[in-house]
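The chain below stands alone and is given in structure tokens; this is the form predicted alone.
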Amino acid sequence: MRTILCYGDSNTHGQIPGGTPLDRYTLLQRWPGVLARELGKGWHIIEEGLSGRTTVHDDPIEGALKNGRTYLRPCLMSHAPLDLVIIMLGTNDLKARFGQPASEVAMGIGCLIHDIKELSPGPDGTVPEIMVVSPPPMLDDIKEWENIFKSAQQKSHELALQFEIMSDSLEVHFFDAGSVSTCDPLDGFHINAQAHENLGVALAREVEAIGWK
């Protein structure tokens, strides 16, 4: 049995576009659930999504619990041994309160990769496979979220390139979610059920392509 940890924000949590964190797609509709269906028996998929989660930042408004780096280590230790860790974060780092360019969001992803490698929560204390997934770019119209994400739309289009550069430099896998899915017009930064389906199927093929030794 191989185990995959899916570590992300509200789009891993399965938040329905235009809804609240309590408005979620069903377990089977969310992309980790689709991934589990596609990979089939022999795989254990752990869904770990939190609305508002950042890469490395304590959120001064939503709280320190949104810091993805703080929770990553205990999460890895709870679920070890892990064969693969999939990270899909970055959108919340683009909130105006953090003032981060896309390149620094990628540096935050790099910190998470470093922590995974250092902890080595893979089988027999090895480093697990790591896959960075860049979130789909935000739409221009993000409704009432415009002030919170002011000027984030353009930066969100830069995440895929910056994440790919970071992934290549740290020798981990990379996938651009924007190549198979888009955000929903209801709020402009959450993905809908069809996008979850597309992403889960595509990631299953990426996982299979790793070619486990």
Partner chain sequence: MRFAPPNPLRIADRASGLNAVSVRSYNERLVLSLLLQNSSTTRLEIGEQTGLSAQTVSVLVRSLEQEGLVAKGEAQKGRVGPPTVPLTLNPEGAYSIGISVGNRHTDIVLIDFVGKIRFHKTLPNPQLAHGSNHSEFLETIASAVKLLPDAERERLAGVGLALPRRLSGGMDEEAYFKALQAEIEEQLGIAVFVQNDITAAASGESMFGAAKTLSDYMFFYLGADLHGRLVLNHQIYNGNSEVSFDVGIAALERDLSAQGKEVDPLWDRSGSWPDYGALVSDWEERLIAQMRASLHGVGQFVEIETVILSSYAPESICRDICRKLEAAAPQIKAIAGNIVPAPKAIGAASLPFSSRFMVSGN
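Numbering follows the first chain given and starts at 1. Since we're looking at a predicted model, the values are computed, not measured.
The form predicted in complex with its partner chain exists for this protein as well; it is not shown, and the discussion that follows is about that form.
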Can we say 115, 167 and 210 each have a non-hydrogen atom within 4.5 Å of its partner chain in the predicted bound form?
yes
Partner absent here, but in the predicted bound form, which of 133-141, 91-99, 107-115, 74-82 has residues with a heavy atom within 4.5 Å of its partner chain?
107-115
Considering its partner chain in the predicted bound form, which of 161, 148, 65, 28 comes within 4.5 Å of it through any heavy atom?
161
Any chance residue 155 has a heavy atom within 4.5 Å of its partner chain in the predicted bound form?
no
Mark residue 69 yes when one of its heavy atoms lies within 4.5 Å of a heavy atom of its partner chain in the predicted bound form, and no otherwise.
yes
Heavy atom of residue 44 within 4.5 Å of its partner chain in the predicted bound form
no
If we define contact as a non-hydrogen atom of the residue within 4.5 angstroms of the partner, is residue 180 a contact of its partner chain in the predicted bound form?
no
Heavy atom within 4.5 Å of its partner chain in the predicted bound form: which residues of 169-186 meet that condition, in order?
169, 170, 171, 172, 173, 174
